[in-house]
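Given as structure tokens, the chain that follows is alone and in the form predicted alone.
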Amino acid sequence: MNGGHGPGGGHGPGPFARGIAWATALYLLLPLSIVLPVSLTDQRFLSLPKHDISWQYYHNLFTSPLWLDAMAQSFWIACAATAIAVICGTLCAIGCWRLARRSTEVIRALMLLPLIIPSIVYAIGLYRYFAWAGLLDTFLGVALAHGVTGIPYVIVTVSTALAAFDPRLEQASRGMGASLRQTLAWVILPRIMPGIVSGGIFAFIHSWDELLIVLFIASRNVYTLPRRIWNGINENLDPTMAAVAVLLIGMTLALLLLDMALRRRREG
């Protein structure tokens, strides 16, 4: 007699497990729920609204040259970093998949190091290298740093998509006379495109929200949104920072929802 309730006869999570899950979710979400009301404050410092809801700090965000410039820099750096991560990560994942040797597992593990090594250690190494290469405080330097640290997200998602790819499709394509380049462009890439897009979304989010590396390798010329918020915290507690935080959270949630929609479409 099988008393399971889940797939395959397994028992579903009990009340204790569900309680822990909900408590964890609330713990993660509660700080975010404070940001929105603070961004609508009518005070001159970070606090909840006292008399009325005010949109003045959103107006300040979208009219201030400093915040608009930081927003533009964050967007274009994230776009460049995403392009670097998608191209390099996709090629690496496909190469490891085609070779399918033990050495490729070592290569894949090395490409995942930016996720394993503490960010501050990586940032210190980048600082020394970029100082020698003349890339400190440059758009290219920050884009390269974010692109390299975004590669692991693309490798993970593309490798997952390749694991579900039927190799007989490639064999059929090559058997019909298609070259390796044609097979890659017409057979492999279209099949794994959801994984590529998903990895690109995560790489964009990573660059959009990243702060620590920027603090090490950028100075006066490169001011991303997270760095502008950091400087604002150190200089004054302008509630505009809360409005920027809402913008960052909203952008991240929108991209995550897009990724979920793509996953459902692929699975459907």
Partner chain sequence: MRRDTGWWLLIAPAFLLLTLVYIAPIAQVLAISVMEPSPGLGNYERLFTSESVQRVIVTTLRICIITTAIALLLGYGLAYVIALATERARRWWLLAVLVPLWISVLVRAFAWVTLLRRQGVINEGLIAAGVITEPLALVWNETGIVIGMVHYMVPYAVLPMLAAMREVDPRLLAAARGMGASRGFAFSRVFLPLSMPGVIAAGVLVFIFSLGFYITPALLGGGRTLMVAEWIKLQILDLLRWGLGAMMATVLVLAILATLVVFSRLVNLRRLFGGGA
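Positions refer to the first chain, counted from 1. So that the term is clear: the rigid core is the largest set of C-alpha atoms that superpose within 1.5 Å between two forms. On a predicted model such as this, the values are computed, not experimentally measured, just so you know.
FYI, the form predicted together with its partner chain isn't displayed, but the following is about it.
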Note to self: Is it the case in the predicted bound form that A17, C92 and L99 each bring at least one heavy atom within 4.5 Å of its partner chain?
What the structure shows: yes
Notebook entry, point to check: Can L237 be called a contact residue for its partner chain in the predicted bound form at 4.5 Å between heavy atoms?
Noted result: yes
Next item on the list: Although its partner chain is absent from this view, report whether W55 comes within 4.5 Å of it in the predicted bound form, heavy atoms only.
Entry: no
Notebook entry, point to check: Would I192 count as a contact of its partner chain in the predicted bound form, using a 4.5 angstroms cut-off between non-hydrogen atoms?
Noted result: no
Check: Taking 4.5 angstroms as the cut-off for heavy atoms, does P65 touch its partner chain in the predicted bound form?
Finding: no
Margin query: Need the contact residues for 194-233: heavy atom within 4.5 Å of its partner chain in the predicted bound form, sequence order, or none if there are none.
Written below: F202, I205, D209, L211, L212, L215, F216, P226, I229, W230, I233
Notebook entry, point to check: Under a superposition restricted to the rigid core, does M260 display a Cα displacement of 2 angstroms or more between this form and the one not shown?
Noted result: no
